[in-house]
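Read the single chain below, which is given as structure tokens and is the form predicted alone.
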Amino acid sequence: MANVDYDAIIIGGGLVGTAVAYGLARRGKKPVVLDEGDIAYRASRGNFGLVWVQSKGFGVPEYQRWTRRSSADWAAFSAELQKETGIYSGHERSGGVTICLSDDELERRATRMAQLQREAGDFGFEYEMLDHAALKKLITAIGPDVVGASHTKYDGHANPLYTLRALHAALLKHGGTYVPHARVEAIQAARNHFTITVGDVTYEAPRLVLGAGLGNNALGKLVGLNVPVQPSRGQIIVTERVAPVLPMPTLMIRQTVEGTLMIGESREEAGFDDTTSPEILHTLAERAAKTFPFLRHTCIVRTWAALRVMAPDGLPIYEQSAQYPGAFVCTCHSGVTLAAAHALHYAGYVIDGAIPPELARFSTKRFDHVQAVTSQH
């Protein structure tokens, strides 16, 4: 049996885990990624691909700031990956809109955007509420059922699969190691020392990062971390390629750099069932056709469903184990949006051995009362 020493072991080879691993490698560290592989409920393979700000952080200004920071970093992050690997992530920061199909929707949207601006305080939050005529100047393809939209300059999108491929390639280029088909079921933990055996190889490191998505629920218990993530199913429709028609992404419809239209995304409590359903797809298609009537004559080429990684409050979970210092969890449902922050910033926190106070809102301590109530029953 071989023993291999690393600076950090990262469990999970999706967008979250690999972004942190790449962030470590670009700082000269020697990380190893242990990845269960495509048999895992990998959110990265089903991601819609938005780099989105205008729906993040209602009532939680820390989340708005963290998301804005990542969105602002994405252009440099994408350029760095392309320089390192030759792989273009498809990132564009063209701004984005959330389209409303009724006066009630538009009124609720305006209230929510005003809340984000109010809660941003001195940090600032710029947005516009557009009526039908103003929106049509930005996106001429909208239909008569569109009442208006909210618009911010902070939003954009990227190709999740190209981004993941680029992260893996850049990780390897910087001396990182990727181990596929490496399901982790046991962890030997001590303060700043972690040992994991997979097959006939034992991996040791002073740092451990749980980036395994839904798998973090069980893995966290092995290192004294409460990570109560649960699946939330989303379904997506993809059309044939068409000439450029959407100059910017919307919350539920975006055009990829290849020309396809992606339509999404539902939010369903379906357990670990990642199959599609005709009823949900019909609902998505009908709203999309009302938004952009040309879609009624556009062919659908595929559909899929995938499982988001959701905390009870929808926020990321960032924590270092008090019982086993050196063990970190990094999990969220916004693996694309936050990829830049995870690579460029969170990886540094892992190296430093401390998560900064500005991310304290995302600690697992917010679940302590839930755990206490559950234990009483």
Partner chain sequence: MFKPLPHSTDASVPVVVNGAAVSVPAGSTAAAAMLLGGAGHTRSSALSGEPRAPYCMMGACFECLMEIDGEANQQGCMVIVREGMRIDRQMGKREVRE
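Just so it is clear, the model here is predicted, and its values are computed rather than measured. Positions refer to the first chain, counted from 1.
Same protein, other form: the form predicted together with the partner chain, not shown, and the subject of what follows.
Location of the partner chain contact in the model of the complex, chosen stretch of 180-188, 80-88, 123-131, 254-262 [non-hydrogen atom, 4.5 Å]: After filtering at 4.5 Å, what remains is 254-262.
Among the candidates 201, 72, 301, 138, the residue which, in the model of the complex, approaches the partner chain to within 4.5 Å (heavy atoms): Selected option: 301.
Residue (of 108, 241, 173, 193) lying close to the partner chain in the model of the complex, criterion heavy atoms within 4.5 Å: If I apply the 4.5 Å criterion carefully, the residue I get is 241.
In the model of the complex, residue 293 touching the partner chain (heavy atom, 4.5 Å): Result yes; residue 293 sits at the interface with the partner chain in the model of the complex.
Heavy atom of residue 297 within 4.5 Å of the partner chain in the model of the complex: Result yes; residue 297 sits at the interface with the partner chain in the model of the complex.
Contact label in the model of the complex: residue 245 to the partner chain, heavy atom within 4.5 Å: Residue 245: contacts the partner chain in the model of the complex.
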